[in-house]
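Shown below, as structure tokens, is a lone chain in the form predicted on its own; questions about how it binds or moves come after it.
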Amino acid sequence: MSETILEMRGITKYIFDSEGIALKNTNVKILDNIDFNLRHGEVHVLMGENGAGKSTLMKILGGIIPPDEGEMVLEGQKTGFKNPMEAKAAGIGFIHQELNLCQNIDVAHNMFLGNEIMKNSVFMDKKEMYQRSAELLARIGCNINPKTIVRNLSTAQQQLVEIAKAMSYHSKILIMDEPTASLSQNEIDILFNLIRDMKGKGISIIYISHRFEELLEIGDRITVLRDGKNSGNMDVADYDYDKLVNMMVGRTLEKMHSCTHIPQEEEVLRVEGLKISEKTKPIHITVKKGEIVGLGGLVGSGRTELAQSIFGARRFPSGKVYYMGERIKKPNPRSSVQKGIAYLSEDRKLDGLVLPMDIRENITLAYLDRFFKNRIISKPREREIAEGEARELNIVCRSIYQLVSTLSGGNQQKVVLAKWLSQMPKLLILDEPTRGIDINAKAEIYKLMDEIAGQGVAILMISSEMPELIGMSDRIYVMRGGTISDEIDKADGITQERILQGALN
């Protein structure tokens, strides 16, 4: 795996005007003298916060935009691409974060779109296209019927089609931009097995991701970009989280997780004998005012089920939930919101946001009744609240009327937080609050959590990221098999080893 297949040397891209002409006299660079190399049969993870230059660098490699300075060497030969078709012909496949498939046509026609197999140079050879598509899908271990209309496929299946399509160009290099952003854990496992298989066949993969746990599972090397520059490189075998965070944001992990809030004695939440299913053991937990309590454990241990049960989004067979000293006999989302309990779900796009709506509408959606006057929504009042929350949470946007779907992952997460915080909750349940967002956005959300707890809000946080769980929690409950297996207090010293012991043993 030591032989280099690709070298990008001194790649520089200046800002450009409306006609796409580089403004070199400004000396403002999107990419500044970037060096990057890729070896045969490796997964090279490309990391960096939003705006660091990752996508721009890959667009240059994919022939979408040209570099202003620098050169590329592919398999020992200097090269450059005028358009994506030239890059594809050279064996470079690009799977974008937003999948580029036509939803209303079948798999085979998508795979050969723009590159149709012709019969007698006049008609499409559909039989050959279906056969070739089936062969390409089988090559990556996929049994999707080539005649299936794409809109009837799951997101994961559509991604497999994109990979098979890239393979149709005999790709030697595959660029994957945030490929797991919309996938379930089971779908991620399938994708990772496919990546390992492609590695074994000598295909080189450039993998763009914000997720630290992913690079450890499938990565070989890491390159970090920051502000358009190469901030550093690291072999996954020498992985150092603190060093990687510092390369990405220029500050240490301790500063990211620096907390000033002080838990109080008043109890906000008490769960007694709650069973998330008939077969699991009873759960007992408490969360105090101004306290951040972490829920640790492996995927499938019951953490989300417990959070949903407390909020009332899931029925539980037995047990009691007490909030502010009073028992909630039949929890449900409507009454929970009215009482001051907020729940930020794991999947913000599916459960937290209405993507076709703008920022203003999403922020105020959960409590529209506050804006009604004579059965008409007060637009000025709604705008005032939304602008205040956007400003308070530093949501980066053109205006509050910008579609929430156009925001970065970190800013989308802030919109979900703004929706709940504008109601001034007393209990905030966070399920994977920083999943899929860049490291700088994570730091902002950690700071926000600390400030919220400092105002007396009780926080129950589910997290699969050990540094986040350890760094932000005052106490941690570890779950295994649908119940609590351990409770760890910060004063006693929270360690990764003890969390794993509780999660596994």
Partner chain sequence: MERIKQHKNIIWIGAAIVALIIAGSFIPYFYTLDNLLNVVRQSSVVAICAVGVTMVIIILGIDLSVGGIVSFGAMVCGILMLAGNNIVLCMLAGMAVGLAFGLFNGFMVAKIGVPPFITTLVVGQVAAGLALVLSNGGSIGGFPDSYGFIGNGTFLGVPVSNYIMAAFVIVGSLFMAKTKMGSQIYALGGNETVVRQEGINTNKIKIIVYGISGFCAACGGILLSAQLDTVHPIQGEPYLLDTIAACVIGGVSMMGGEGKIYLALVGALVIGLVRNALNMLGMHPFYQNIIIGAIIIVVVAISVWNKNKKIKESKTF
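Keep in mind that what you see is a predicted model, and the values were worked out from it rather than measured. Numbering follows the first chain given and starts at 1.
One more form of this protein, predicted together with its partner chain, exists but is not displayed; see below.
The closest heavy atom approach of Ile92 to its partner chain in the model of the complex falls outside 4.5 Å.
Though the partner is left out of this view, Glu213 does not reach within 4.5 Å of its partner chain in the model of the complex, counting heavy atoms only. In the model of the complex, no heavy atom of Arg139 sits within 4.5 Å of its partner chain. Taking non-hydrogen atoms only, Glu116 approaches its partner chain to within 4.5 angstroms in the model of the complex.
Proximity to its partner chain in the model of the complex, defined as a heavy atom within 4.5 Å, holds among Gln185, Thr260, Ser277, Gln77 only for Ser277. Only one of Lys88, Arg270, Lys289, Arg221 lies close to its partner chain in the model of the complex, with a heavy atom inside 4.5 Å, and it is Lys88. Residues with any non-hydrogen atom within 4.5 angstroms of its partner chain in the model of the complex fall in just one of 312 to 320, 228 to 236, 423 to 431, 196 to 204: 312 to 320. In the model of the complex, its partner chain lies within 4.5 angstroms of at least one heavy atom of each of the following residues of 297 to 326: Gly300, Gly302, Glu305, Arg314, Arg315, in sequence order. Relative to the displayed conformation, the Cα-Cα distance from Met461 to Arg211 grows by 3 Å or more in the model of the complex.
Panel note: the distance between the CA atoms of Arg211 and Val457 is larger in the model of the complex than in this form, the difference being 3 Å or more.
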